[in-house]
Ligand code: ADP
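Let's start with one chain on its own, the form predicted alone, as structure tokens.
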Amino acid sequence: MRVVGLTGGIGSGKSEVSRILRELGAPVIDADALTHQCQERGEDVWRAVWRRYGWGVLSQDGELLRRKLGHVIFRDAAEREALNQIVHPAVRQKIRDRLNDLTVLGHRVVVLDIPLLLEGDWREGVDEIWVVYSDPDQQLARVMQRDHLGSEEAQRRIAAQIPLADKIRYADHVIDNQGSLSSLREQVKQLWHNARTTG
């Protein structure tokens, strides 16, 4: 089975690319969704997060408040790494399980949608890398609008990842998301067609 690693920076439009791929029938493993599963109340990851960060990152009913947790970890690189050490092993296992399931089902090409593909050293686990790119001003505006953040906080979150300009050096294919949605859709459609016919 051929594994396509889909990545980009926060606010680059990777989620839109992932949505288009699903519309085209691509099996997509969403690392963010798996992370959320691991962080549900009562899960081992949830317990580890609660032990480290306390009640301040939980709602009254015990659900993890990701925005509050984000305010902690995006201000402290050491805490961000500590959280990664809690979360990443569990997510990696879920991804491996899902890849196994899709192999059994006979899929020849699978897309692994993972924001921290390069930061988390997933390069060895994929056969090719697609990077979604937008210019820095677009990226900042999208993060501010999507997450309801001020410029300073949005820039802090962008800076926590490898810059997009550096990520594209690792790309087998760059998906340009600086234009229209129809342009984006055509790029993704062609890439998925090529992956299926050569995978």
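Throughout, we count residues from 1 along the sequence that is shown. The shown structure was predicted, so the numbers you read here are calculated from the model rather than taken from an experiment.
Just so it is clear, the following notes concern the form predicted together with the ligand, a form of the same protein that is not shown.
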Region of this chain that lies against the ligand in the model of the complex, out of 141 to 149, 43 to 51, 60 to 68, 23 to 31 [heavy atom, 4.5 Å]: 141 to 149
Contact of Ile10 with the ligand in the model of the complex (heavy atom, 4.5 Å): yes
Proximity of Gln187 to the ligand in the model of the complex, heavy atoms at 4.5 Å: no
Stretch 160 to 185: residues contacting the ligand in the model of the complex, 4.5 Å heavy atom cut-off: Asn177, Gly179, Ser180, Leu181
